[in-house]
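Quick heads-up: it's one chain on its own, the form predicted on its own, in structure tokens.
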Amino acid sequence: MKKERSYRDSTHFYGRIWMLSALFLFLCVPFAICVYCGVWPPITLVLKGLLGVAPIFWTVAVIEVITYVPMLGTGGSYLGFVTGNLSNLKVPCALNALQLTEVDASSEEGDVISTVAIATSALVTTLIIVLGVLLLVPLRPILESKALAPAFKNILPSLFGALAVVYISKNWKLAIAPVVFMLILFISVPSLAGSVGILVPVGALIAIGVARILYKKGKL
């Protein structure tokens, strides 16, 4: 127990430092541009722009922290939130690694595996971006071809579909209610497709509620 507390404490210590350092570097970019160009936007326009997007992003950020941290563990959470693209890439990579190794995400081993998976994902993503930038011009005709257009539109559904099969098959009784609810919701209101991050906790609450009912009835 002492070793686990020491590992978690050190991870939180260094994780906070890197989070604050990343935030500082992100803010340095627009600041450096303003200094170099000698142009400073009026604070009223900055606040006006923030009012349109900040409430949405801040809400999604809080929801993602509550939802994803138990899945990713301590180190994986810090690394994932710094490198970004959690829903599309980091979370699926971590969950797949935990699934293959049959390790619980809440354990110290699961924390390490999740962190390694997310770090590998970040490095591979960076490498692919570098290659993409270098090869963008020669590969542009191929990437923009009509034959590949349907494939690019279905990358995310196929990724989460594969993960869904694994986790739904583990306990289909718990999966039916949230899956049916989300299908009816998105079919009825297609515009909600851009609010997936906010609706993830809704599905989690439905699954928890169904699990409690089934447990009380002795069916789980």
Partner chain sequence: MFNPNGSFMYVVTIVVISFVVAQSLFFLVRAWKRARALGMESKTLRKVVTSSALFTIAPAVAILMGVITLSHSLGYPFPWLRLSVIGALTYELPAAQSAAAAAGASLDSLITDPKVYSAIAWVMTLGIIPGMILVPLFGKKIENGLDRIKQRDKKWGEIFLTGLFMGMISAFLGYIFSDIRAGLTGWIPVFVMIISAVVMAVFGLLYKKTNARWLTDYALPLSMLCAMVLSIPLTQLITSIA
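Quantities reported herein were computed from a predicted structural model and do not represent experimental measurements. Residue numbers count along the first chain shown, from 1. Heads up, when I say rigid core I mean the largest set of C-alphas that superpose within 1.5 Å between the two forms.
Unshown form predicted in complex with its partner chain; subsequent notes refer to it.
Novice: If we define contact as a non-hydrogen atom of the residue within 4.5 angstroms of the partner, is Pro138 a contact of its partner chain in the model of the complex?
Specialist: Taking the distances in the model of the complex, the answer for Pro138 is no, it never comes within 4.5 Å of its partner chain.
Novice: Check each residue of 14-43 against its partner chain in the model of the complex and list those with a heavy atom within 4.5 Å, in sequence order.
Specialist: In sequence order, Tyr14, Gly15, Arg16, Trp18, Met19, Leu20, Ser21, Ala22, Leu23, Leu25, Phe26, Leu27, Val29, Pro30, Phe31, Ala32, Ile33, Cys34, Tyr36, Cys37, Val39, Trp40, Pro41, Pro42 come within 4.5 Å of the partner.
Novice: With both forms fitted on the core, check whether the Cα of Arg212 differs by 2 Å or more between this form and the one not shown.
Specialist: Yes: Arg212 shifts by at least 2 Å between this form and the one not shown.
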